[in-house]
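Before any questions on binding or motion, here is one chain by itself as structure tokens, the form predicted on its own.
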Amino acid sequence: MKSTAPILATLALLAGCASGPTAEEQAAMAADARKASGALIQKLGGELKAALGEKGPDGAIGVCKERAPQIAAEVSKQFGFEVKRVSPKNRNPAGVPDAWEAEAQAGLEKRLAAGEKPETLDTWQVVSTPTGKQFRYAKALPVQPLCLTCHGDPATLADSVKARLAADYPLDKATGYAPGMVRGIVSVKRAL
């Protein structure tokens, strides 16, 4: 007579996989996602500050246009996630949020309005998709004073910045911000 223990163990393992990661596994993925989003923010911020000093505000726009996607790809590869920046008021046409990202940003904005500190705003969730479960994470991108150089009130932007934005991003929606607002999110996801 054959033992059913291996079959039962396999079924238990499959049942565990079907229900998704445990709370501890989700917390570990969230910690890794925080590191990935932090790496993107730090690397991009450093390159933007350097470009602002060397090339001025209109010259720094190229960093966001050309380097930001490259940096996101490098961070994605390093951490094993898909990492990108998105915003409902996007500048880059590739930066439009999906439904989960838009809902996550709206939730982070509500938490900001309720008094939470902008730098601590993040959220995560395991979601079901037609292709399977995914771990999703969002980190708020609060507007810093330096961001206003290119993302502030359109009436106060330098003419050279306006000209470069019009040339590089004719459908730009990413202006009109004030310090402390949530400009967008770093979106991190991984198939499970």
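These numbers come from a predicted model, not from an experiment. Counting begins at 1, following the sequence as shown.
As for the form predicted in complex with heme C (HEC), it is not shown, yet the points below apply to it.
- Using a 4.5 angstroms limit between non-hydrogen atoms, A33 is distant from heme C (HEC) in the predicted complex.
- Heme C (HEC) in the predicted complex is not approached by M29, whose heavy atoms all lie more than 4.5 angstroms from it.
- Contact check for K65: a non-hydrogen atom falls within 4.5 Å of heme C (HEC) in the predicted complex.
- Contact between R136 and heme C (HEC) in the predicted complex is not found at the 4.5 Å heavy atom cutoff.
- For the candidate spot formed by L52, P57 and R183, every residue has a non-hydrogen atom within 4.5 angstroms of heme C (HEC) in the predicted complex.
- Although heme C (HEC) is not shown here, in the predicted complex the stretch 57-92 places heavy atoms of P57, A60, I61, C64, K65, A68, P69, R85, V86, S87, K89, N90, R91, N92 within 4.5 Å of it, in sequence order.
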